[in-house]
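Given next, in structure tokens, is a single chain: the form predicted on its own.
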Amino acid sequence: MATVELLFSALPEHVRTARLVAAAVARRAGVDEAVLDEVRLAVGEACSRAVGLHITHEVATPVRVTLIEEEKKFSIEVGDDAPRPAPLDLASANGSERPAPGHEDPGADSEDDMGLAVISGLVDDVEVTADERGGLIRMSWPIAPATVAS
């Protein structure tokens, strides 16, 4: 299992770099070429969301992007350190981005909801969690089986 970790200051201009690194690592991991634009867009949305939360909550720590190559899938985790007042678990293997009853994020706004909707539209396997320590978006894509040269 190969892992690449990227830390960057919460500045909008660093989101592009995160997108490019994610696409390059996904390509090397074996993610299908047809899916790389989705990877790029989803990472851009997740990183933009994390940067916005860091700026809004005046968090000085870096945004974290972890790229994980496993045997059959490629995963990306985008983490932020922006506190949320109530536990939030938006697990969505089926693409539904609704918080559990009583766990709505009072700090969420329509722009944040739009970003999560875009991510869930791009990624079939996505999980969004957040609590008082910060949030994490986990996304994964299948790795194309290696073709054997004849």
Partner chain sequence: MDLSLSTETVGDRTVVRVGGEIDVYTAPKLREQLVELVNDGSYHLVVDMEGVDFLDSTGLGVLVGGLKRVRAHEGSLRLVCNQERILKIFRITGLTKVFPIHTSVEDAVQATD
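Given the structure is predicted, the values throughout are model-derived calculations rather than measurements. Residue numbers count along the first chain shown, from 1.
There is also a form predicted together with its partner chain; it is not shown, and the following applies to it.
Evaluate Ala29 for contact with its partner chain in the predicted bound form, applying a 4.5 angstroms cut-off between non-hydrogen atoms, and reply yes or no.
Close contact is absent here: in the predicted bound form, Ala29 is far from its partner chain, nothing within 4.5 Å, heavy atoms only.
Taking 4.5 angstroms as the cut-off for heavy atoms, does Leu122 touch its partner chain in the predicted bound form?
Contact check for Leu122: yes, within 4.5 Å of its partner chain in the predicted bound form.
According to a 4.5 angstroms non-hydrogen atom cut-off, is Gly115 in contact with its partner chain in the predicted bound form?
Output for Gly115 is yes: heavy atoms within 4.5 Å of its partner chain.
Partner contact for Arg138 in the predicted bound form: its partner chain, 4.5 angstroms, heavy atom:
Residue-level check for Arg138: no, no contact with its partner chain.
Considering non-hydrogen atoms and a 4.5 Å limit, which listed residue (His54, Arg40, Arg64, Arg84) is close to its partner chain in the predicted bound form?
Residue within 4.5 Å of the partner: Arg40.
Could you run down 9-24 and flag each residue that has a heavy atom within 4.5 Å of its partner chain in the predicted bound form?
Contacting residues: Pro12, Glu13, Val15, Arg16, Arg19.
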